[in-house]
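Here we start with a single chain on its own, the form predicted alone, put down as structure tokens.
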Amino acid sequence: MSYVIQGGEEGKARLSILGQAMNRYSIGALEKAGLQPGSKCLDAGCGGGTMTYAMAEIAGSGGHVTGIDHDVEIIRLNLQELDTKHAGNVSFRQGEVYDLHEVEEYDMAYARFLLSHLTDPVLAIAKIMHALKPGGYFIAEDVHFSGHFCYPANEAFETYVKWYTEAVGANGGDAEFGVKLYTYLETAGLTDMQMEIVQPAGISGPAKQMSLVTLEKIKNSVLANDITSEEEFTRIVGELRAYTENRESIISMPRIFQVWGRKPF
């Protein structure tokens, strides 16, 4: 795992904003891929669990969704939250996707913004495929980070895109992975494959906020990899904050590839 974004409580808060921006698109793709009442599902790299709960709502009392994530603190927070939600068809556990042990257990597996952070996405996909029942669906969403846009042009925004890409690459990931996602899943053996592209953007709201929130949460990775100085990082954060707060600016999230297909019988 080469995750460069701060985790824990602050990471969970960021993921909540991400969920506000993305979940409606993700849920739409899951429904197209066949998520239905009674489904037994895996949410690989579940983060703060917003999609775990969204999937569980569709799966209903006859289904179940298991969320796994490498972040010990986020899983602790998820379990704490689960106690208050009393969602009997949801479970969380800490672990790496490489360590999945289930064999032909799930009707559907889902991974959002996971594979681009991994040093070995091929192994991760193989583990997920092994956990799927024959005929089960695997749906993944991932970023094509250079596909960001903003208007009008802004240096701080372009610097953020550059720094994030460099930090992920320095840790063994690939911020451009989304454009390769179809090929990776096809090579893994999925059939009946489909692909869509979404790109949330706005003049206000969570999609517009994501660049600034993410930049703030990659500080440690950017500095640890000597991508910039702390002084320069502080300057760019300030400039991106001012640009984000400008009511006339438009900011997008990255171009996001949604790919799904069926494991052969």
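Not measured: the values here are computed from a predicted model. Residue positions are given as counts along the sequence shown, with the first one as 1.
We do not show the form predicted in complex with a small molecule, though everything after this point is about it.
Review point. Just to confirm, residue 47 within 4.5 Å of the small molecule in the predicted complex by heavy atoms?
Key: Result yes; residue 47 sits at the interface with the small molecule in the predicted complex.
Point to revise | Close approach of residue 256 to the small molecule in the predicted complex, 4.5 Å, heavy atom | key: No, no contact at 4.5 Å.
Review point. Heavy atoms within 4.5 Å of the small molecule in the predicted complex: does residue 109 have any?
Key: Close contact is absent here: in the predicted complex, residue 109 is far from the small molecule, nothing within 4.5 Å, heavy atoms only.
Exercise for review: Using a 4.5 Å heavy atom cut-off, state whether residue 128 contacts the small molecule in the predicted complex.
Suggested key: Contact with the small molecule, no.
Exercise for review: Within 4.5 Å of the small molecule in the predicted complex, counting heavy atoms only, one of 96-104, 166-174, 149-157, 179-187 shows up; tell me which.
Suggested key: Single hit among the candidates: 96-104.
Point to revise | Answer option from 70, 64, 208, 217, heavy atom within 4.5 Å of the small molecule in the predicted complex | key: Spelling it out, the residue with a heavy atom inside the cut-off is 70.
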